[in-house]
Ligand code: SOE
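Heads up, the chain below is alone and in the form predicted on its own; it's given as structure tokens.
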């Protein structure tokens, strides 16, 4: 079996998720190549050394260029903050290394476009981390739409609701700094439902939006890990420079209408990503916190039987489900990363295009930027 050596940049929230995916791909899937956890990279030597030991990597680096330059690295996995994505990906493309990069692909669409063109010119495999595309229930929704079961699509209604910064004493982590993160809820979580809308409904024609930052100043951060952090013991405050909530409307190229809401101030919602799609023949509704279910309405059902049915997407016939447990034994968040990494490995092993690729990442960034422009100009923006 072919072996593919992974070099991972980042070891916190997404680094942990991706490391787990590397380990599980060959345990549960008949992949055409084996992933070797060759090296992990982070700026803090002690922390990255500990991560290498904990996650099972053979070695570590503290300089991302050194990681990419290594002859024993076949693909680079970028899980750093967004402001570093472009430099890392462009350098990896120059070195002819395959690239997996977390979303959003870049902090603006110009950089994302440059990354896509560089990867394409280098002839490498490139994939962006829209892991929700790999939820079995969402793949079933895609199949129903492609098979015409929903008919003409009229509406896409997407929500991504979190509450992890509702407390005004929550510190000023990097995700609240525009120079690092690019944007707040908009680029972080709106990006996911934008990509799902592209995947399920199609390209967008025009957008208009609005944003709000509810808490303008927060305590300076001392330590952070994923979505957890502790603030400074003194009273020093720093300025929040990103949005806390973003909403926008769109018209799709096919005439459907779309609404999107992303917020970190939905008290009580921890990871409430959901969408509903309405068509002339039927509808689907998905809620990530019930990720093993898809709600489906068929307008052709007899009047006495009409209503949303709940489909448990755990049978062997459903995408990826047969690789895990018997029907009814549900899967979770971490499995979406295994699925996407399996597809990336297959693209390298079989020399086929990866998906979603950097073009998809660029298209998402283009919408993110267009919404920002619409807010600044106070008008609809054609995409």
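Numbering follows the first chain given and starts at 1. Keep in mind that what you see is a predicted model, and the values were worked out from it rather than measured.
Absent from the display: the form predicted together with the ligand. The rest refers to it.
This chain is displayed alone, yet in the model of the complex one of 154, 199, 297, 132 has a heavy atom within 4.5 Å of the ligand; that residue is 132. Just one of 110, 236, 249, 227 comes within 4.5 Å of the ligand in the model of the complex, counting any heavy atom, and that one is 227. The ligand is not drawn, but in the model of the complex it has a heavy atom within 4.5 Å of residue 189. Not displayed here, the ligand is approached by residue 271 to within 4.5 Å at the level of heavy atoms in the model of the complex.
Although the partner is absent here, residue 175 sits close enough that one of its heavy atoms falls within 4.5 Å of the ligand in the model of the complex. The closest heavy atom approach of residue 160 to the ligand in the model of the complex falls within 4.5 Å. Only one segment in the set 202-210, 79-87, 93-101, 181-189 has residues whose heavy atoms sit within 4.5 Å of the ligand in the model of the complex; it is 181-189. Residue 333 is the only one in 323-351 with at least one heavy atom within 4.5 Å of the ligand in the model of the complex.
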